[in-house]
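Below you will find one chain, with nothing else, as structure tokens; this is the form predicted on its own, and questions on how it binds or moves follow later.
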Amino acid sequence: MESVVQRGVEIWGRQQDVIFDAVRPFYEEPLVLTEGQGVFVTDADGREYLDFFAGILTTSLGHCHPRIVSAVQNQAGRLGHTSTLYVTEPQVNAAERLVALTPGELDRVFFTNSGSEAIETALSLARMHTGRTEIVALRHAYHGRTDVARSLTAHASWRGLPSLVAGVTHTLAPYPYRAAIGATSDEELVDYYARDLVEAIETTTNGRPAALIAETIQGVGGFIVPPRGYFQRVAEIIRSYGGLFISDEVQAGFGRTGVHWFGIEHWQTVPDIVVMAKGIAGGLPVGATVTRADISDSWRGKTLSTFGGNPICMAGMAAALDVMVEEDVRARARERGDQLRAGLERLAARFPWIGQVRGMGLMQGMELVEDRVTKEPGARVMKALLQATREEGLLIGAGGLNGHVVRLGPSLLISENEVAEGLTRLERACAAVEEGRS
């Protein structure tokens, strides 16, 4: 038993010898995972955990879904790589399935390996189409790790290195819980954020922005849900200045928010460009930029992606999308999301350091605070809860500017009993945190 217990520590020690120190896992003693099946994962010491974070909302159909595994295995034995210099049927199949789900006339796809690359593609495309350079993003946003994506990101801790690009400005995020104007109606909030967007365009850009980019629900920001009417208004504003609206659906896409395939559809708004990744292929490295033909035709000059559209990833993605459609994950996310939300609301009624519960479908968050009146971010509470949930065998995510928001985004195929079990473990963890604070 002693050698098994030490295995996780040994692997973590080896990582510290060869991996960048900037790659910082959760927990003071990082968790070393070795296996996964459905909504459960197993660590190197043989302990099982209920996964409510799904690899940052990426294993959208659970770990090692048999249809995806089979598709990958079959394709790996036929054709593994070609680059985009050649045409492959798996890429065409995946693209056809994808555009069948996208709103409006968004029917042209460019595949990459990650969300960061998809963001880069979207921004380059918007600039080429409009002939402009300046981009408007939101505060509290996170869009990836490349120089352009970090420049769009509005979290100091994630911007890090000094090599940020010029031509990016930030407007207020639609963050009702922390709005400077206090509690008010959705209409007043939308007016407030719209005025700031106009002012940002007219004072911090040359007045001719290429695009506004926004996550439909901010992920790293702490699952921030905008007020009703926000996206209709800001899309109208950016277009009135001749710019495009880019919707970042990396976390909110593919039924995650319930009812619709993409988060932006809840606000009856069709973007000019959509960026996708994470859950798109159930855990495989795929990013996609999707737009209309008149915009995609604006790309000038040569371009390719060596690994974008990789046959193995495309086969897995097509299988994942087939399962999503067959299982109607939109309806499942709504049903299980309602169950999860109700459980979180019960916890908020019991524990005074849960300031707000928010989210849509199976994308639910809890903002933790030291005090509900002052709303001081509960970073210390979050640290304690992260450890307590680990001890209960439950994996959760953390987000927010101060790392004080619980992020929950389990597999879209999670069962009623599994949601109930997760809530039971979370409640025990919350009780342990409360006991430690008293």
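From a predicted model like this one, the values you see are computed outputs, not experimental measurements. Quick note: we count residues from 1 along the sequence shown, nothing fancier.
In what follows, reference is made to the form predicted in complex with a small molecule, a form of this protein that is not presented.
Proximity to the small molecule in the predicted bound form, defined as a heavy atom within 4.5 Å, singles out one entry of G144, P227, G359, G283, which is G144. The contact with the small molecule in the predicted bound form, taken as any heavy atom within 4.5 Å, belongs to Q251 out of N310, Q251, T289, T257. With the small molecule omitted here, the record of contacts in the predicted bound form names 107-115 of 227-235, 351-359, 107-115, 291-299, defined by a heavy atom within 4.5 Å. Although the partner is absent here, E215 is a contact residue: one of its heavy atoms lies within 4.5 angstroms of the small molecule in the predicted bound form. When the small molecule is considered in the predicted bound form, I246 lies well away from it, no heavy atom lying within 4.5 Å. Remark: V274 does not count among the residues lining the small molecule in the predicted bound form, judged by a heavy atom distance of 4.5 Å or less. Although the partner is absent here, I119 lies within 4.5 Å of the small molecule in the predicted bound form, judged by heavy atoms.
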